[in-house]
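In the structure tokens that follow, a single protein chain appears in two forms: structure 1, then structure 2.
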Structure 1
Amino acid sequence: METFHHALKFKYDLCIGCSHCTSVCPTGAIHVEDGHPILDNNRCIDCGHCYHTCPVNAIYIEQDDFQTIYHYKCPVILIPTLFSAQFPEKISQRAILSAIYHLGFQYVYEVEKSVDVIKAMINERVKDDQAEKPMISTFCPAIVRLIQVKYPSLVSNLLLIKPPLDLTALYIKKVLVEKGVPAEDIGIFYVSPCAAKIAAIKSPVGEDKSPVDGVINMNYLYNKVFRIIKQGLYQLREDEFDFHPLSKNSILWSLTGGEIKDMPAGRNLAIDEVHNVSDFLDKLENEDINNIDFLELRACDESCAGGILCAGNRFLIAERQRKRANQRPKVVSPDENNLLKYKEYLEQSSKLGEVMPRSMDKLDDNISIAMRKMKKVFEINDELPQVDCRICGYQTCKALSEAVVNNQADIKQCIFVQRILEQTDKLTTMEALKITKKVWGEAKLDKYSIKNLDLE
């Protein structure tokens, strides 16, 4: 089984064991032991909801050291179109570009430069009556992983076309090599608005290796560029690169509805925010919904504009992005976007490899043992109170049941089971306290010791 890289990390010295992260995880990838969150690497999809909800900033995003760019003679930066939409409107795109060059990059490209090629391929596939429907976009890596671990029966619906990031990176390398730049001197760095894209570059799904050499935190770069502009450290550049030649469709691609815009007639839906996506996929998997041709699914609210590494308000970012798009035509020529001259090469390089399911409900490789374990899970779950209070350290009663069957937890971690056993003299109060301390840690229970309370 392939290994998932995870960009989300915990700072245990800051963690207060509140379990907020446990409650919001869409795949139940976090449980609590000894007062700290424990991550199940096979369930985590790096959606970043835990990062958003943590009240003490005990979750951080692992990223490459910015100094890595100077290890290459020809460092190239790939920025999403929404990067410039985070700045105040009084700051020109030319100033933003000049500040980025000031950091030492030799070339600057926008990721969505390859969208027009990808959109044409997707539209052709959607029109194919023989293709399995609904086709599901692979643009958002958190959604690809969500389907792998939570909806494995839908893996075959994934549209195996590389995202704009990959195709634009392939185009850049080809163009620069044609210009005489040695391939080993080229370092391509992507500015990521989310943890999922960082994870996808480090351990790509459907590819052996990402064409991107490093990742830069978008919030980090925003602050770096903004400081350069405010302090006037840059020189305004006039060169062949410009933010403007992209088509309207390319600029809108990373927003909700960007992929399904101007698609062939059919039933094409755009759904954002991972819990909304999960609710919809539950219905789709249960065949409560049918006759859909294409699904654009994004893990963040307002899609990439709501990425956890974006520096601005997602609604204002989306507004500025649409304003920029409205100034551009739907189609641009190869003279405006040189990448279109490499359309045939990119189409030949566009196919993703097979994406494998990795069900989070898989209890054993041996099917007969797995079936016995599943039966036991149902039996235990039926005996639990179904209140999903998380006092046991797990997100749901079902999650605790699975952990018990896999010898990772004790059913007596359930506070209701403890009370029942105490009433029947099968568990002492001190034994129950010991179990609870194992989940929530010594400090949390000592802090609220009943002897310090005035109950009179």
Structure 2
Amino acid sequence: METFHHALKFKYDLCIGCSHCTSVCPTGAIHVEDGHPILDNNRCIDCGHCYHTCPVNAIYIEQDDFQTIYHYKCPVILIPTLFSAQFPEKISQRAILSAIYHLGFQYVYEVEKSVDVIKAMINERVKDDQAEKPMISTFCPAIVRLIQVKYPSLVSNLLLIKPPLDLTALYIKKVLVEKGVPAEDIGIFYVSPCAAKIAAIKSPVGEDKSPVDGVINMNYLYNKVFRIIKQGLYQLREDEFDFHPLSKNSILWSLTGGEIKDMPAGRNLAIDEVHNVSDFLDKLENEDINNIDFLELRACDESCAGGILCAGNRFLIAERQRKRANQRPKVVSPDENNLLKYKEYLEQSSKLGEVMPRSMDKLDDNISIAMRKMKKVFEINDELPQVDCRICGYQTCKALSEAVVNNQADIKQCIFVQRILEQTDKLTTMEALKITKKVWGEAKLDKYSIKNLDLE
């Protein structure tokens, strides 16, 4: 099986082995060995909860070298509308835009330029009574991956329409080529507010290749642009548009409720934050919940405003975004948003390929072996304390049981099991120490490491 590409990476030299990342992972993708987190590539959905929680910034987001923009004669930057909402209000949209041009981009576009086209398509599809309901949005790539690994039976509910990023990129290529720019000179760079979108571009789900040529970390760009503005290095541009020609709903799209806003018919729900989404999908799989037509699901609290690469407070970003949206009309004309003139072309290219289930829960490919393993997991788990203390290096007692059954861990990694065995002389303190050191590394258990504590 081909493994997922992940944008989240660990810096072991900074990692202090606290295992907080292990505890917050919604898919149990991280365990600790030798004092460091180990990522299970098949489970990780790039939601970024670990990145948020790491106290020493030992998790970083992979990105393309910024210099690659200069490899193209016509570098184009594609920024989410959220980008400008991160700056203090006194900094104008025009200043932000001018500073981005100063970096060397030929064209600046906002990702949500194609939202009006996509919204119309979704609304049309949701009306279809014959289709499998609820339809689940594919906008948030972390959610698509969550469904693939954890809710394989819901894969067929995914609404296979490409996200705004893809359609806007297609539009840009088309329009620039029409203007006479050679296709090979165009380099489209997407500014991502999260790890999941980076991962989705590097290994797309339901597409052979992303239409984007490179990815820029939004936090990186924010700092670069802010510095240019602070130092007054840019020329204020008068000729270009100043972010404005988008409709109200396009600007609201990436916030919670943005996709279901003004949906004409049916029951629609917007749920944000990955644990909330998981709870809901658990119920949905049981058919507890009926008659829902469309689900907007987002992995981050406050949706993209809570993306891990956003600078600043998610609620303030969302508030600024709403403020901007409220100044815009609901409908814009094709003269204001030129992309609308390409509606038919974009609609033809809007279909996302099939998304395959890839269950991570499976204990073995062979059902007889899986059955035997499951029995074992139950047996082992019954004996464990259910404290989920993570001293064994795993997120839960159940996770340790599964690792033991798969020969990836030793049951004696459990500190309670160690204490019990020590009482009956089945394990010496030195042996127990050796096992724990294998999980947490030498340094944390070095006998001289707490010399300054008064323990008398």
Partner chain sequence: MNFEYQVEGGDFTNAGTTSSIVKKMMKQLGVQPDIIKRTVVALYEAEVNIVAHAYRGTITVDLDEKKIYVKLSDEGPGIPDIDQAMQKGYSTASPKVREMGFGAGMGLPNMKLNSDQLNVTSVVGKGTTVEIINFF
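Take the two forms, find the largest set of C-alpha atoms that superpose within 1.5 Å, and that set is the rigid core. Residue positions are counted from 1 along structure 1's sequence. All figures in this text were calculated on a predicted structure; none of them were measured in a lab.
K.L.:
Quick one: identify the form predicted alone, either 1 or 2.
P.N.:
Structure 1, which is the form predicted alone, differs in this respect from structure 2.
K.L.:
For A432, state whether the C-alpha moves by 2 Å or more between structure 1 and structure 2 after rigid core superposition.
P.N.:
The answer is yes; the displacement is at least 2 Å.
K.L.:
Indicate whether I367 shows a C-alpha shift of 2 Å or more between structure 1 and structure 2, with the rigid core used for the fit.
P.N.:
The answer is yes, as the C-alpha of I367 shifts between structure 1 and structure 2 by 2 Å or more after core alignment.
K.L.:
Any chance the CA of Q423 moves 2 angstroms or more between structure 1 and structure 2, core superposed?
P.N.:
After core superposition, the displacement of the Q423 C-alpha between structure 1 and structure 2 reaches the 2 Å mark, so yes.
K.L.:
By how many angstrom is the CA atom of Q413 displaced between structure 1 and structure 2 after fitting on the core?
P.N.:
Value for Q413 between structure 1 and structure 2: 2.5 Å of C-alpha shift.
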